[in-house]
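The form predicted on its own is given below as one chain in structure tokens.
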């Protein structure tokens, strides 16, 4: 219950207009800080939903694949430049952001991640590595403004943020392939 309350307080704090406006004013903070924090809020609240609806999660997300696919779809949707723009200009899209990221990405991630095998976890991370590399390249190489609400320099900074995250994920994947955790237990 404490994690649920912490996640709920985090979600409400992120929804406060001064906090939301501040985080949405800088493109890289909007994409790489606010959106992951919304997913983390849902991740924290997920334990409550798992206890409240155990039959639902055991029936529809037995091996974790449907939940992780929902997570991938929601995250992919919010990586599109147009959706970031609309979240700033259309109130219903911003409301959808505050609902979809915690409840359609964070909660399924919590339920699915522990059910996935090590290989499926690494495939998921590898998939996001490829997507982040592609999005980074797109944001860096695009000469035109992809988001009307942000400057071209902001999208280049976001592109380098995507590339940095992809490099970190590659380092993690190499680490998991090379290091045997049983040697350190």
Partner chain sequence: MQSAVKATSFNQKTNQILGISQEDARISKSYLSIAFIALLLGGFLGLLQGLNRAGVLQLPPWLNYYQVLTAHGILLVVVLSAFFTIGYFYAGLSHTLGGLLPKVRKMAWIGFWMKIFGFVLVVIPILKNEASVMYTFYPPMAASPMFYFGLVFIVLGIWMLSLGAFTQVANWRKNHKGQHLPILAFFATGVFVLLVGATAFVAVEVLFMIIPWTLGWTDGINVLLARTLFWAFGHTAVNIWYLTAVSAWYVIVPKIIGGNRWNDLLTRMVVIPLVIMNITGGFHHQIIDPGISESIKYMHVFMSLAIGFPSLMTAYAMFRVFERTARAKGGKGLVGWYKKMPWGDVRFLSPFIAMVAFIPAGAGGIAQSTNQLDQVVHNTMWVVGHFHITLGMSVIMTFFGISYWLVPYLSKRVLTSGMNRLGVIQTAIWTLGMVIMAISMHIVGLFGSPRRTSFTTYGNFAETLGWNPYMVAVGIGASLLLVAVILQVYAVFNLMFFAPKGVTEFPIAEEEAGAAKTPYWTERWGIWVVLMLLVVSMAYVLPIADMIMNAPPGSPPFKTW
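Just so it is clear, the structure is predicted and the values come from calculations on it, not from any experiment. Numbering follows the first chain given and starts at 1.
What follows is about the form predicted in complex with the partner chain, which we do not show.
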Is there a heavy atom of residue 22 lying 4.5 Å or less from a heavy atom of the partner chain in the predicted complex?
-> yes
The partner chain contact in the predicted complex: residue 2, any heavy atom under 4.5 Å = no
Although the partner chain is absent from this view, report whether residue 183 comes within 4.5 Å of it in the predicted complex, heavy atoms only.
-> yes
Would residue 33 sit within 4.5 Å of the partner chain in the predicted complex, counting heavy atoms only?
-> yes
Work out which of 156, 146, 70, 116 lies within 4.5 Å of the partner chain in the predicted complex, going by heavy atoms.
-> 156
For the spot marked by 28, 160 and 175, is every residue within 4.5 Å of the partner chain in the predicted complex through some heavy atom?
-> yes
Pick from 41-49, 59-67, 148-156, 116-124: which stretch has non-hydrogen atoms within 4.5 Å of the partner chain in the predicted complex?
-> 148-156
